[in-house]
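A single chain comes next, written as structure tokens; it is the form predicted on its own.
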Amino acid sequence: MDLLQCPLFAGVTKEAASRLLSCFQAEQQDFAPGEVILRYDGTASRIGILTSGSAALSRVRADGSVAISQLLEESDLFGEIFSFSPSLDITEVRAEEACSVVFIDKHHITHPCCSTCAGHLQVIQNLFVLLSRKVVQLDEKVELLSKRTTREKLLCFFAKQAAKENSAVFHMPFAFTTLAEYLSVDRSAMMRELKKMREEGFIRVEGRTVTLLALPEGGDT
């Protein structure tokens, strides 16, 4: 992925972005499926850009179990909230599939160097925009969890994915097991519900490709 596709560099020229990445001392790393990409425990200060693959951001509970709070896809930014506002809870980002990540220390973004590289102020502005978008995403997650049934949660999630890609056909970048954790539902019960929805003509599922065929009459997603 071209880093210019990342919202953090929106409005920044290719030449300016290249200088900025050098100024930011950006580092790229590759991760295998299931590997922990980053762990925030109140001290981490790195921000990550997912340049390929998919990952999940999760809260680690006191008993060691995890609760997925955000699903990350190519070009997504992560860690910006916890870098600037450390959480008392341990949060980790784990690769869902093989992925590559570019890391930048937050201090390089918030403290321009003496050269004040072109595009730096634009990146800072973009960061504020992304932080506000993250609030909207958290609000959408609350909406999903407020749905009463597994079917309502699935239909709401699928409708949002279709709207995001502007297409009734979309690819799931993560496994359905991860989706069950994200929706806070039992995986077996969710898979049974998906089977019923296919049989009733609401969706078509081929591997990780989902086609939203219809919504229930009067259904509110």
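Small disclaimer: the values here were computed from a predicted structure and weren't measured. Note that residue numbering follows the sequence shown and begins at 1.
The form predicted together with the DNA exists for this protein as well; it is not shown, and the discussion that follows is about that form.
*Would you point out which of 50-58, 149-157, 22-30, 66-74 contains residues with a non-hydrogen atom within 4.5 Å of the DNA in the predicted bound form?*
Among the candidates, contact is made by 149-157.
_Asp41, Asp186, Glu35, Glu165 - the one with a heavy atom within 4.5 Å of the DNA in the predicted bound form_ = Answer to the contact question: Asp186.
*Partner proximity in the predicted bound form: His171 to the DNA, non-hydrogen atom cutoff 4.5 Å*: Residue-level check for His171: no, no contact with the DNA.
_I'd like to know whether Ser45 contacts the DNA in the predicted bound form, with contact meaning heavy atoms within 4.5 angstroms._
Because no heavy atom of Ser45 falls inside 4.5 Å of the DNA in the predicted bound form, the answer is no.
*Using heavy atoms and a 4.5 Å limit, would one call Arg204 a contact residue for the DNA in the predicted bound form?*
Heavy-atom contact with the DNA at 4.5 Å: absent for Arg204.
*Can you check whether Thr177 is within 4.5 Å of the DNA in the predicted bound form, heavy atom basis?*
So Thr177 counts as contacting the DNA.
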